[in-house]
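One chain is shown next in structure tokens, namely the form predicted on its own.
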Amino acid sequence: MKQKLGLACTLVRPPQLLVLDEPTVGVDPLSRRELWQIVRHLVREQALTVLMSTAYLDEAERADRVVVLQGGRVLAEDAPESITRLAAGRAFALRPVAPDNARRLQARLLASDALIDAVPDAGAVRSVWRQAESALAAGAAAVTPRFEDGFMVLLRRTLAPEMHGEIVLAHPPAASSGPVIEVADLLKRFGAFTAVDRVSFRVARGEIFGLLGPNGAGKTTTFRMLCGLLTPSAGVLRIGGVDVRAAGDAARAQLGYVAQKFSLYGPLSARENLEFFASAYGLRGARRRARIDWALRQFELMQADGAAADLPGGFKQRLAMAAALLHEPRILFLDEPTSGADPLARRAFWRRIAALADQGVTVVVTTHFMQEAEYCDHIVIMDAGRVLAQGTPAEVRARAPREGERDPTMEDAFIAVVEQARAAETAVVAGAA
């Protein structure tokens, strides 16, 4: 709504040129679609010229012309279709075989020099290969290239693939027989307003659990209750077997938290931030020094000597993650962690998250970037404080209508689930009236 209000204020006096600087960062898929419908209408009806910057490549694909920048240099300036053609004959999809999943298959594929890129996509791994023969030998099926595929081919001409990023834990979380997170009939009221309405789910050790929903759905309130930052009005909430309402400190000691916006201390360096948070977590002596050295090495922050506020976005993200993992938490909470991140930083980030989950860390993530939901083992879609859908990504995607030969994406499923629920609610209200 803030983004729509900003656009409305800009258009009070119709301009000839509209400049949009990453206008959909932090915006859910439904609102993002509505915002672009407004922009396209203005372009069509008022011959408005739009100059836009974005890290979302599906948005760039809708433009008439794109300029691809890297390190202050122009790599390409052309129609999106021309960038897409760079991946012609190189785009393939490979489906995991149970009990494997797309996330683990992606990690194995990226270990090969034969690949340019690989991301989970609609239950498969969408990949871009240097040679088609290598893809066919691996059993991959050719797919129609899209702008993102060509974009990655273009970047790899000037950038070497990021082979780092897989975190190695000194002390992985111990095995657990029961759920690490247990939520039953969770309720949160603010006066007469119900923000979270009888929400229930469980999260097992080593799972990546996605909490999805439109802006205002109640997921942030749920997230804050899980982290012990808000007290539930009713319901059961256990973290690591500990009742958060009865023993909040014991539950919070098991948690790491990465906020949507950079929330560390800007004037301090990376090392100084880590030293502060190590003290806040109660780390002392040799263990404190060992954990700080581990964090600096694992997240490649050894050379980050300046103020944290001046670090590039990718370094800030790694520093926030390093601080969250200093005390070796069993559970990691990520609140829209890649909001505004570029495609390369987003891929490196998720390689780290996948490595943590494989070592037993339980991850709970909120995101508006639906492709990221494909990294999750289970997801919940919320709206108006209630759970609308819950299950594996495949189970949730199955709720979206199929269009021709194309498999439904997670964004298709998200929009279908929310729109169906809202239509049903409208019908109930109309019937009561």
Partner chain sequence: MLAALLRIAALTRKELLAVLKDRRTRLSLLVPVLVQTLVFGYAASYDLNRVPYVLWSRGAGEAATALVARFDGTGIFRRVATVSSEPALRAAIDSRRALLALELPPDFSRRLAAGHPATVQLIADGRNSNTASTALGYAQAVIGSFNASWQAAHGQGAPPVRLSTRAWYNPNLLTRWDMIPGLIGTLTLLQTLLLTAMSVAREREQGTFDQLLVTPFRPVEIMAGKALPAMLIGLAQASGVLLVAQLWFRIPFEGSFAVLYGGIIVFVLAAVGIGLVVSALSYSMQQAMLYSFVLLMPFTLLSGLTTPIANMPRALQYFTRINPLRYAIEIAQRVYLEGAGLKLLLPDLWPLALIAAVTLSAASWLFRHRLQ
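Positions refer to the first chain, counted from 1. Treat the numbers as computed from the prediction; the structure is a model and nothing was measured.
One more form of this protein, predicted in complex with the partner chain, exists but is not displayed; see below.
Listed stretches are 195-203, 353-361, 281-289, 103-111; the contact stretch with the partner chain in the model of the complex is 281-289, by a heavy atom cutoff of 4.5 Å. In the model of the complex, the partner chain sits within 4.5 Å of a heavy atom belonging to T231. Among residues of the shown chain, R73 is not one whose heavy atoms approach the partner chain to within 4.5 Å in the model of the complex.
Remark: F277 counts among the residues lining the partner chain in the model of the complex, judged by a heavy atom distance of 4.5 Å or less.
Looking at P267, you'd find a heavy atom of it within 4.5 angstroms of the partner chain in the model of the complex. The partner is absent here; in the model of the complex, the one residue of A124, I167, L326, L255 having a heavy atom within 4.5 Å of the partner chain is L255. Checked against the partner chain in the model of the complex, the candidates S176, S82, S134, S263 yield a single residue with a heavy atom inside 4.5 Å, and that residue is S263.
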